[in-house]
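Before any questions on binding or motion, here is one chain by itself as structure tokens, the form predicted on its own.
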Amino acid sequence: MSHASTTSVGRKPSDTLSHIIIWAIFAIELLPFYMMLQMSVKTNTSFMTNPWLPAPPADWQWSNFSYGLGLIGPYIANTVFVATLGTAASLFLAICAAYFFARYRMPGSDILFAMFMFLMLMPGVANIVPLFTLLKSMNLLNTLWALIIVGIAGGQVFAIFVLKNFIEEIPKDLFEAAEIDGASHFQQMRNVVIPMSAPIIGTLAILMFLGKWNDFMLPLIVMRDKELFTLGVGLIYLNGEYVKQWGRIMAAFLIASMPLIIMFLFTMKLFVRGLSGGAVKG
């Protein structure tokens, strides 16, 4: 019996049903992106006439993209600045704290770590009022630094929890060898911790960047000047201000989504490697 016939005979009806369900879910997930893509090159008249199918190539409005980029370009720049700086600083501090909790013991360190873990149980929305009052007293309202500082603080707990477990799994012989060679704590983190924990650090970096990129509530509360808006707030105001220009709105939304799509295309292997590494260590 040939290989093709063996495959067809061995296939179960449940496998076919599973494939149908997977493709159906995949189509549902891609439907919003398809609608955004085909609406981004339409005029309002073309959209109202045929909202579900793409317009003929002769009627494509490429000017929607240049107009949309002009609208959200400053929002993208603000978001990249906040997300990049916040992610880098948050990861650096989390690695230092996780190195301390994993490698050293001092009176009260277990209590301090338990207090950090308790913060994971607190919903962020519960701290909005005291956080707003604190930022106001520090004269940080309506500044990008408010988003960066809060983002750095908010990303610590989960990152410390994950990195501490990874650093504890690193063989102690490596640290002892580094100490014999005269390596300082920062040199041990740079030459031992970061290379050995690179996959999970990359995964945490992606998760932190996504969280800061998609942050909406804090920028909405803190920001007042339109030129300081991040993408989440800027797109909401764009939708309200230019609600009749559907093609331009969808072009702006498509441009706003492209950085994350590109990032995932280039970092997906690192992301999966970090998740699988965590599963093996667990």
Partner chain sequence: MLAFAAQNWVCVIDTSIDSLVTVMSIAWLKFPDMGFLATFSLARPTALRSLRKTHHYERHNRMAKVIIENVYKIYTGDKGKLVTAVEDVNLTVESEEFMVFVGPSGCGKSTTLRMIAGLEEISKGSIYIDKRRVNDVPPKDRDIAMVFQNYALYPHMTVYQNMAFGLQLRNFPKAEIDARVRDAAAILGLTPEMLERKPKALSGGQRQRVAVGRAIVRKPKVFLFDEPLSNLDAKMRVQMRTEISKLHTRLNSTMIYVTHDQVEAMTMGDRICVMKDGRIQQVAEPLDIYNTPANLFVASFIGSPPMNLFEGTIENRTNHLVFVEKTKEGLTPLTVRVDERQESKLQSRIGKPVVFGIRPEDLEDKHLVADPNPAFIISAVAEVSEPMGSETHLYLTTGTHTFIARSHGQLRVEPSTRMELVANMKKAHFFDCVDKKDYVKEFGEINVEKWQTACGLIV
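All values derive from a computational prediction rather than experimental measurement. Numbering follows the first chain given and starts at 1.
This protein has a second form, the form predicted together with the partner chain, left out of what is shown; the following refers to that one.
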F161: touches the partner chain in the predicted bound form, heavy atom cutoff 4.5 angstroms: no
In the predicted bound form, I180 touching the partner chain (heavy atom, 4.5 Å): yes
Contact of F166 with the partner chain in the predicted bound form (heavy atom, 4.5 Å): no
4.5 Å heavy atom contact, T84 to the partner chain in the predicted bound form: no
Options 199-207, 74-82, 140-148, 106-114; stretch whose heavy atom lies within 4.5 Å of the partner chain in the predicted bound form: 106-114
Contacts with the partner chain in the predicted bound form, stretch 183-209 (heavy atom within 4.5 Å): A183, H185, F186, Q187, M189, N191, V192, P195, M196
